[in-house]
Ligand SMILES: Cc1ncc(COP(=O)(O)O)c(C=O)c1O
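Okay, so here's just one chain, in structure tokens, the form predicted on its own.
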């Protein structure tokens, strides 16, 4: 069902670019080429390269990987690390700030080996470090991190966690234990004495300034992590009594995640700096100030302070922190600390995208109607037939209410056994014809009647995508996160259909029905009609943060194939890593089945069927071969 007319004779790539907002949220990385294909542009040395995603998909499929695929562009990881570090260097130079920037990547945002290795490799010249919030994350951080990068240990810590961190210091890392609760300090001091290794300690303070967005509970008095002001004073006094106040060198605060408003960041920075200055006055030799995460990704591209956007740039963010620190510390004559941020989302979001094909569609459209209904047609159906021509601007709302009421009467009659299935089917078809007639009049209305608000969405197609929301895009289901979604080809053509995207799972929540369109949020996605014998590909962008590890095995759909690509200066690309997605045997083993036992159970059943003559020997062999192939096959749909 069309939301508005789209003329094939006047449509061009500029129209597609505006419709899908690619130049707004794409940050210069994603564009459209003259062929109507989505391209990725990334730095390559001092130059940049542009490659069509359609070309990359062709290369992936020629290597035997079917859709869906998680695609990573390594150059974009490198670019984001560089931009964040250079952004702070520029702000520091501009403000004559005397401290340095020491970025760290929070491992929880994307723990995948290829991602961590690339961050450590490209971040090494910037001394970019890692943040670990569990023993498993600390182990991988210790093994990957170069000795001159910071290692920040957040979260609750037991003795084993603390022992690992102390040994990390011993081998040359600058590993800070961020004290989240007073009980942790006792364990840190005890294990330090036992191992005779002096710790580096930070304290996390609860900043009372609240931020907007989806993650407001990560800041403020009710935050699960951090010390109250009284607890903070107790930690300082305890360290003084133990003769270890010199180990307290970092103040940590977490302003929030995906903070949409720059003013909230400024307020949090000022409050954190007050804590910093007062702790220094108490004798703590602080020289690192860690603001945690919060740097937002503009998913919608609207540059506004709403939950899926932000009202500031990277430069604004860097300047707000640098100038905020100076405004508090300079009047007190205090040295400028090294600035630490834990930007995870903003580092990895752009580098990963989900690519999938559309398998089928369902249209909510009336089939062809006769010029007139036969006299024997049910009176309610004859009434619906007449309503098709009464839809004019002044009567749209009343006409629709009448049609809905008539359809409900028909359904009641069917439930009571008073009309036939054929009569009900005719009524449903006539109702769709009335609804379509009304919807065609909506574009010219300045004020849409409330009763017609959801009409367009109710007529939208369902496009069935070859993926699982719960495995690949869990935040869309869990917290209502919205990601940019658009077709990857045919963008010189007007998208003449509107659809929601349903996944492969047997779950009504397995769908995408919120989209960034023309600078706003809509419940349907403009798409093209499918062509026989031609694949139709969609991409979900900016989904590199959290989605890969949070995935769920709903309906036993497993991890997708993962392909990492590096763009070259000649406009070509190298596929540098290929990781096959989970097989059916893999996912069955995750839920404690032994694939070989399943095969043996079926073999025994097949043998029994041969004995009872339900199967021939040839059929038995065909069945076992197909079962074995399925065990080793991809969990997603194959052509």
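As the structure is a computational prediction, the values presented were derived from the model and not from experiment. Positions refer to the first chain, counted from 1.
Note that the form predicted in complex with the ligand isn't included here; everything after this is about it.
S.K.: If we take heavy atoms and a 4.5 Å cut-off, which stretch out of 341 to 349, 236 to 244, 434 to 442, 454 to 462 is in contact with the ligand in the predicted complex?
M.R.: In the other structure, the partner sits against 341 to 349.
S.K.: Here the chain is shown alone; which of 466, 257, 309, 476 has a heavy atom within 4.5 Å of the ligand in the predicted complex?
M.R.: Among 466, 257, 309, 476, a heavy atom within 4.5 Å of the ligand in the predicted complex occurs only for 257.
S.K.: Using a 4.5 Å heavy atom cut-off, which residue among 414, 546, 122, 385 comes into contact with the ligand in the predicted complex?
M.R.: The residue from 414, 546, 122, 385 that makes the contact is 546.
S.K.: In the predicted complex, does residue 108 come within 4.5 Å of the ligand, counting heavy atoms only?
M.R.: Although the ligand is absent here, residue 108 would touch it in the predicted complex, with heavy atoms inside 4.5 Å.
S.K.: So, residue 526 and the ligand: in the predicted complex, are they within 4.5 Å at any heavy atom pair?
M.R.: It does not: once the ligand is placed as it appears in the predicted complex, residue 526 has no heavy atom within 4.5 Å of it.
S.K.: With a cut-off of 4.5 Å between heavy atoms, is residue 337 one of the residues that contacts the ligand in the predicted complex?
M.R.: The answer is no: residue 337 has no heavy atom within 4.5 Å of the ligand.
S.K.: Against the ligand in the predicted complex, would residue 154 count as a contact residue? Criterion: heavy atoms within 4.5 Å.
M.R.: Contact check for residue 154: yes, within 4.5 Å of the ligand in the predicted complex.
S.K.: Are there residues in 602 to 624 with a heavy atom within 4.5 Å of the ligand in the predicted complex, and which are they, in order?
M.R.: If the 4.5 Å heavy-atom criterion is applied to the ligand in the predicted complex, 602 to 624 yields nothing.
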